[in-house]
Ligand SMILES: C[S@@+](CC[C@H](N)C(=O)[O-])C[C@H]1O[C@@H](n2cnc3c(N)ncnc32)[C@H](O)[C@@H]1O
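Okay, so here's just one chain, in structure tokens, the form predicted on its own.
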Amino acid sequence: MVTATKAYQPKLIPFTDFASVTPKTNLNDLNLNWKERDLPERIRTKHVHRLHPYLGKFVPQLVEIFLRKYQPQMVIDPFCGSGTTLVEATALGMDSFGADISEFNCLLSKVKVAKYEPNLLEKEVKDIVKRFSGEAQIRLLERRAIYTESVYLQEWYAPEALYELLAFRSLIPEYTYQDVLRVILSRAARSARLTTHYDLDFPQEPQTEPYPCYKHKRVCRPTRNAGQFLVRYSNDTVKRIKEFDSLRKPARVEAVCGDSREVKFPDCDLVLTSPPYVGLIDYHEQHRYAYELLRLLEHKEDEIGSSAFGNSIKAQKSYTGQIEQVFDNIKRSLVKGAHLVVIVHDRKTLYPEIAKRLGFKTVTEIHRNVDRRTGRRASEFFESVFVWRKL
């Protein structure tokens, strides 16, 4: 197949008829440069995709396009992150397998794709919401030792908020769907931190005093309570899980926590992934509140491309070597002719050489414009979609 490259073409109408994609669809005929009006946030974050904020999450509709195009028997995502590939595969009735080094990422992925008994889930969530407020006021005030368990929690939360979060946490072991409750707790903890409303993604230090708020265009005060978020996200989580349950189709799905350089992957005919970008995001630090509150183990030293490692020439070389190890490991599980779809902001032009060294044939390379950003990050950038094939 002739290698083709398609850059940003503003004259074409952005493609949004996702269900029309078939194995015969020519990817280079599709304009994937969506603006907010073409693909609104409420569509990009449909059902369980919005169970918890996650930086670096790729657009689920982009995943859907490639799943419909290649119709895999088994799709693998070695950097499954928040589970986008697994969710979309499950929605289409395709078997999937994901791995991630982050314990929080794996928790979130598993919660999104797990099967639930809807009535029991709703009953448990309503019950814990009803109970945690009383626990915060009575039980935890009598157990101050819990409050002093983490310096981070003391610094980043007002006492009232922390009492509520810890009360909710103390009740979780009494329920069946404990992982769902942990995700609700984490989502509430993210919003309840002592930080500015406009900087929930990358807060540098606790905000304890009133401040000029860029988001609300007025003077705002730091959040003092967590209860409102626990209630709101509890209701929202049940709604989203029930919505996805009505859409999903029978399929095998598994998410494991492990280093994808060593994970034993099942045989597959498609890899569909968005690897971490070199030196851009620390995926453990992004969810530090979750690691502290849920007592998750960190594997920061094994995280590929963390911002802590920078993006120097030396860091790029190390990153490239580690990414190659991941794909070399997966290569053993790929059937002949299998495709690999790699979606990445390849600003250092590292991936064409990775494919060449691993012996993958480049089928096509698409560059798409990404101009929707969150928070105060308003700059646009280009994302590369590499499609490779195992010979």
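Note that the structure is a prediction, hence the values are computed from the model and not measured. Residue positions are given as counts along the sequence shown, with the first one as 1.
The next section is about a form of this same protein that is not shown, the form predicted in complex with the ligand.
Colleague: Is there a heavy atom of Phe168 lying 4.5 Å or less from a heavy atom of the ligand in the predicted bound form?
Modeller: No - in the predicted bound form, heavy atoms of Phe168 and the ligand never come within 4.5 Å of each other.
Colleague: Is there a heavy atom of Ser96 no more than 4.5 Å from a heavy atom of the ligand in the predicted bound form?
Modeller: Result no; Ser96 lies far from the ligand in the predicted bound form.
Colleague: Determine whether any heavy atom of Cys80 comes within 4.5 Å of a heavy atom of the ligand in the predicted bound form, and answer yes or no.
Modeller: Judged by the heavy-atom cut-off of 4.5 Å, Cys80 is in contact with the ligand in the predicted bound form.
Colleague: Counting only non-hydrogen atoms and a 4.5 angstroms cut-off, does Gly56 reach the ligand in the predicted bound form?
Modeller: The answer is yes: Gly56 has a heavy atom within 4.5 Å of the ligand.
Colleague: Tell me the stretch among 195 to 203, 239 to 247, 176 to 184, 270 to 278 that has any heavy atom within 4.5 angstroms of the ligand in the predicted bound form.
Modeller: Going by heavy atoms within 4.5 Å, the stretch is 270 to 278.
Colleague: Taking 4.5 Å between heavy atoms as the contact cutoff, choose which of Ala255, Ala188, Ile128, Ile101 touches the ligand in the predicted bound form.
Modeller: None of the other options qualify; the answer is Ile101.
Colleague: Considering non-hydrogen atoms and a 4.5 Å limit, which listed residue (Glu122, Glu292, Asp302, Glu285) is close to the ligand in the predicted bound form?
Modeller: If I apply the 4.5 Å criterion carefully, the residue I get is Asp302.
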